[in-house]
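First structure 1, then structure 2: two forms of the same chain, each alone, as structure tokens.
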Structure 1
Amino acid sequence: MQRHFRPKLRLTGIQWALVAALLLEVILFSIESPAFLTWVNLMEILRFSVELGLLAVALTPILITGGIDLSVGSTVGLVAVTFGMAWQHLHLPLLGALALALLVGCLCGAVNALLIAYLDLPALIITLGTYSLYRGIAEGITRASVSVTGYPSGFLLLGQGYFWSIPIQVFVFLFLLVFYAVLLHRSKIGRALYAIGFNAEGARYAGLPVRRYLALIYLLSGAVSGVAAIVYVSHLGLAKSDLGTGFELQAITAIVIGGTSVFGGRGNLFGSVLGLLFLCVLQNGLHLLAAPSEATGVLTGMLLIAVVATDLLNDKRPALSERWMRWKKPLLVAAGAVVVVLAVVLVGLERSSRSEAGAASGPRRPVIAVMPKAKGDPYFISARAGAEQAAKELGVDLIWDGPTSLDASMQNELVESWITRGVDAIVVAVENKGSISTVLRKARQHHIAVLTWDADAEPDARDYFLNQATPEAIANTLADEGARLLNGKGQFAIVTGALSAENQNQWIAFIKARVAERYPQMKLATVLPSDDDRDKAFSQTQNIMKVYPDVKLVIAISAPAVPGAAEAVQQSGGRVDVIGLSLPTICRPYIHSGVVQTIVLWNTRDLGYLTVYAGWLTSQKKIAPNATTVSAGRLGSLEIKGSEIILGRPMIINKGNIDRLDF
């Protein structure tokens, strides 16, 4: 039995293999990017690893006992919104709000501890349930739309400040890492946890207080999740119900890659930290080299499968030949090496698709980094075509990257990597201005041109906002078209994107104002989110037609929401009109069938073209101070209002003109 216990801090074979893969990773990224192996970038890697690292440290003893806690990410979200709401809405002093938030984290851990340790319920099922419970409570408190920003600068120092050039939150991580190292590797509790993981029933027969120790580590997991939430809020400057989404799976991935057995009884904190560093270095290096964000998930999945397969084979050691045991470590090193080499290959392919042959041998080309809200959204896919056209005309390198779904924290992380890389301009479609404005100000301090598009940040955080059309003009066009269809009276509903989207909330506010002023007999029944997902828009529209049978018009103000709402109406056979903001290419069949009467939009390719062109003009200081117009390539002369560059007025698209539009 003793050979399975590893309570001491020593590296196992898997972990030595991971060290070798990590060193290879560092070497290759250093060769590919001069900005990688710098003090500033190394500190940013540490900064972005802290919140995830705290969860990985807290989950390590749980996995060693053969348990699991899937609720830690949801606990982060619940603690974050508790802190934000307590401070901003209950007007508690900052320390009082912190104490209340941390208490909530402890209560979350206590619920898991009670159900798992004392009622002997399965950890997987219980924490899967509390995963949904805690996230649901957080969304209920904030109605999934309220985000809290505007924290005092002293509090933000915890997540954004430095002490001796080291991010302050790193010291929080080190303190808790030492605490857990002593608990797990230098105490009788730690030895008992390994015994529980190897054989829980045997540990009970040996007289160990199994329930008490299990309750302790689940309680601590909730408390540490609370600390991670506070650090995360101070890092982003934002408290929102979806913070921490997916953290539980990332933390477990880091732990398992680090050599902790998914079956319990084996692993240590060194391995978890190594796994964490491997993942964070991989992600940082890929960002610096402008590889697609989703490549991290693909490569991590490959390594995780290799490690788990090795773990399974290791447990079947008696049945294995000596040849496998001799080649196990080299094969693990090779698996890590393959992951890193594939990362570099992906970067090379991405670069070759962006740059013309031989461009690298000429003078340095300006680099314009453009970020959509969500890469998979058809609206932003269409805009990318225009951005690539402008990049080709100007002879600049385009980095087009962003979250695969609406994720404010991912936007911050990408901007940080672009600052480290030293791009010439950053152009961001903002998901949450309270979150991203701080890091955009940092980019400006590094003399990088900063612009926003589609949705704006705080005015002092950017040079220009590329406004596709004023929010009031968009809203008035939609409201007037809706009033025409309803003859100025009746109920209507709105299907938006995310409830927290700044630009869409502006449109909704102006729609309400326009209706109240000009069409008092029109009544707004409800506003429901689609999260920029076509299937969710479909189900939300079905709900509207069932719950609000008097609704005769749905205004969908997200590109995927319009075809989603139209499909729901078409399948129901109901007489509900659909209008909104979307792309002609994905709405054409519904407009021709009469389900969608009108869509309102601007030319998305022109907007994408403007992101690169205006970014280049700003980075090269080709826009004069106080200018009222600017010449933007094939777009001609565009109006500048203050610090906004106006693309133009929204256009109404219907059966009469949709076949002439190809975006």
Structure 2
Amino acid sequence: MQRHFRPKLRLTGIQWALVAALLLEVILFSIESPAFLTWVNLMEILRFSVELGLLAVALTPILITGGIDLSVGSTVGLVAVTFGMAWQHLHLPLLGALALALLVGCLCGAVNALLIAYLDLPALIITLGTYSLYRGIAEGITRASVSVTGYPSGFLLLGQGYFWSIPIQVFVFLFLLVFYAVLLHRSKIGRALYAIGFNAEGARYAGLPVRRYLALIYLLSGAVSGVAAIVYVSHLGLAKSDLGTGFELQAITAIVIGGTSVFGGRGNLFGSVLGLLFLCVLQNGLHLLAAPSEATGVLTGMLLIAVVATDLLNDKRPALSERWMRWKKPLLVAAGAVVVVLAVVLVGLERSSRSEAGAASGPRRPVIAVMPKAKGDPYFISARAGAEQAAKELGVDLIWDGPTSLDASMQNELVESWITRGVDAIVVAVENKGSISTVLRKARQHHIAVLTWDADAEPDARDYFLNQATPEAIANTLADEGARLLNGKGQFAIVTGALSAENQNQWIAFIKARVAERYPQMKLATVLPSDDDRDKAFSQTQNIMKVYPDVKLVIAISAPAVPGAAEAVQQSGGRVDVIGLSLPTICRPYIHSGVVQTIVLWNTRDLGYLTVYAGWLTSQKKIAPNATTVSAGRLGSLEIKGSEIILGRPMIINKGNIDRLDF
């Protein structure tokens, strides 16, 4: 047991196995995908792992003391918006904003430190509270809708530039890694942290300043989260209140895979870095193989259990000699890890065999990569059906992948991996134009056709925008429909998606503008979030009907919110009209029952069809530079305005036409 007390920088058995598994992973991915083992791709992996890596490094000593910090992801969000707002709205100089933001990060850490170290409160519950508190403050001060972009290029270098063809933020990471390595493995404090993890009471009796050291690492964790936030803002070129959502669990996953025990006392920084690299390589490799994003989560979960279980398996045999243990451990872990990596390869093989089945011989089929904003959204699911139809018709390979929930950073990461993979066209439904444009420009430099759909990027970052309807047109149609139902006067309420959703906030702004301009007697009573959850939209609408009895119209502007709002109205038997933006399939029962008067939408299946068709046309250079129309397969001739391909006006769907629509 004495060995454990010496906080060494040497790799333990599990970590050797992890090194082996990582190498195996790298070898398998490079066999499967030639683009994997290139300098550019490896540097991209590093770039995308820095933010998470900073959090993992800061969390490692906390886990070693047997504590936990769930608030790091929320701290990232709060520091990011503080920085953005201080710079843009308080007009502080960039360095001043930076200092203020880092101060806020330290403050976040200090609150945790005070409550956990000095008031003896359980870390799990305290940081669960601050997890909610910090994110809430970030949403509150920005009203969840402000996203700050337009940073000077000097600042963006930090997150997007290179130094000796190594991403600049990697140096920030290395600096902090060395700092933490010294702190944890080469200092008195590090040694004390292990002692606290083994037995806090014992450490106290041994005369160690337990509270002060605990406070220090929680404080540092806040500060490092602040640094991660600044790097992240610079990387994305964007500060928004939802940045860093879910980072805490990913960071903890990386640490635990790296062999650190959540019970404290065991683990080291090397392990965390290895675990982090393993996860980031896995994610990158899966993207390059065009395996669906969901595979990453399933495999990570399995890996987590495999690693920890194999690690524990040894403890059951205390009688075995230490020498045997030292060699048996890595073998067992390697076995577990290999199983998982094999699963990865199976997925990859299955995918590539499926895509090669159609074109065993003959020329390479063009690959069109289409990205929705969020894969699980019913709206994008129905677009996918159209995209698959077009791919079949044209004989091209379709990669359909995107974040599982709204996530601007994940979109960038996917585009990067598609560039590396070498697709022919990239068609993206943009979550945030500020953050994705840089990487889209890079794709164009690689001679990939770049199109946007659903929402646009910067015009110079793409070849064409597939314009299904502008936010303004959607908002105007909704406002006009609402005014028609209310006869131009009365109160209405809006049920939106998540408060920080970019599209929805645009629509709300345009609805407000339209109402102010044309229907002065209409009044917006309230805007409530549904978080894209049907059940929450249901409760919110129930509340609206009770709190604002004068509201006669609910405009629900997220696909799951319309059926939620409609069900609430239906169950209460109230006389409130519901209109909104949603899909015919999930609204059909309510349109038939008359609760939902109108939904506004375009033909999502046609839009999906157009993504692939236009992507293919552009990649084959089949659209003349000054063309005013384009022939898009079964959609016939579509108008081109500037660099926008117009799908048509938004449709007004009601009782009369809903049964003719099958999407």
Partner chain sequence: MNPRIREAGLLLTIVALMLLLAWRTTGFFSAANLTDLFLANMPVMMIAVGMMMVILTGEIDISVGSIFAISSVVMGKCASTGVPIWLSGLIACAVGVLLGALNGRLIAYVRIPSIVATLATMVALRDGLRWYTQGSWIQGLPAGFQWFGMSQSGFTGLCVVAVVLITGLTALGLRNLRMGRAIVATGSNRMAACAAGIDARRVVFGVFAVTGGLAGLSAVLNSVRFNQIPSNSGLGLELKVIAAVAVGGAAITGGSATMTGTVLGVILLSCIGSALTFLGINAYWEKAIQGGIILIAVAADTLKLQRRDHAKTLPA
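Worth saying up front: this structure is predicted, and the values here are computed from it rather than measured. Take the two forms, superpose them, and find the largest set of C-alpha atoms that agree within 1.5 Å; that set is the rigid core. Residue numbering: structure 1 sequence, from 1.
Visitor: With each form of the chain shown alone, which structure should be assigned as the form predicted together with the partner chain?
Guide: Of the two, structure 2 is the form predicted together with the partner chain.
Visitor: How much does the smaller rigid part turn between the two structures, counted in whole degrees?
Guide: Hinge rotation between the two structures: 9 degrees.
Visitor: Superpose the two forms on the rigid core and tell me the Cα shift of Leu524 between the two structures in angstrom.
Guide: Comparing the two forms, Leu524 shifts 2.6 Å at C-alpha.
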